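Starting off, we have a lone chain in the form predicted on its own, written out as structure tokens.
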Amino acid sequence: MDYGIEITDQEAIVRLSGRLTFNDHVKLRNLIREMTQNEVTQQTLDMSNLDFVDSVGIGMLLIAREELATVKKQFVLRHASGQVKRVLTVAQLGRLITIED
């Protein structure tokens, strides 16, 4: 997984690409730290270039949600498609995290 962050006045947009798997847990931990420390209230993960997510990736998204909630930040997943969208749907993440098309 690779990522880049664009911070505007209203949100931090994190553009993910590649595969989000167990092998990325250290990178995702660093990303979560960056998201909790920036000044913007809304943290959005743009998943349009993410090709694959496994169960560990889903778990890390839930950890991100919890850690962002502790610092009063909103967490949004945006533009998931293909396998990623199917996994988010099957895992029913929409009950816990805002998912936008």
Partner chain sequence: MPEERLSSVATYCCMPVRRSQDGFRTAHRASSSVIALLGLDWEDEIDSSWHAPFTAWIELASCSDAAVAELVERAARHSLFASLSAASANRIALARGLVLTISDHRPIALAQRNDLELALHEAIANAILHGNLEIDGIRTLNLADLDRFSQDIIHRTDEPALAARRVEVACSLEDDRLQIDVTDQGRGFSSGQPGAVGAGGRGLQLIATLTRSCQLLDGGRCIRMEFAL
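Positions refer to the first chain, counted from 1. If you're wondering where the values come from, they're calculated on a predicted model, not measured in any experiment.
The following text describes the form predicted together with its partner chain, which does not appear among the structures shown.
### Task
Consider K73 of the chain shown here, and say whether it contacts its partner chain in the predicted bound form, taking contact as heavy atoms within 4.5 Å.
The answer is no: K73 has no heavy atom within 4.5 Å of its partner chain.
Practice problem: Considering only heavy atoms, tell me if S17 and its partner chain come within 4.5 Å of each other in the predicted bound form. | Solution: Close contact is absent here: in the predicted bound form, S17 is far from its partner chain, nothing within 4.5 Å, heavy atoms only.
TODO: Would you please decide whether E34 lies within 4.5 angstroms of its partner chain in the predicted bound form, comparing each non-hydrogen atom pair?
DONE: No, E34 sits far enough from its partner chain in the predicted bound form that none of its heavy atoms falls within 4.5 Å.
| Is V87 close enough to touch its partner chain in the predicted bound form, meaning at least one heavy atom pair within 4.5 Å? | Taking the distances in the predicted bound form, the answer for V87 is yes, it comes within 4.5 Å of its partner chain.
### Heavy atom contacts to its partner chain in the predicted bound form at 4.5 Å, residues of 22-60 in sequence order
Residues within 4.5 Å: F22, N23, H25, V26, R29, I32, F52, V53, D54, S55, V56, I58, G59, M60.
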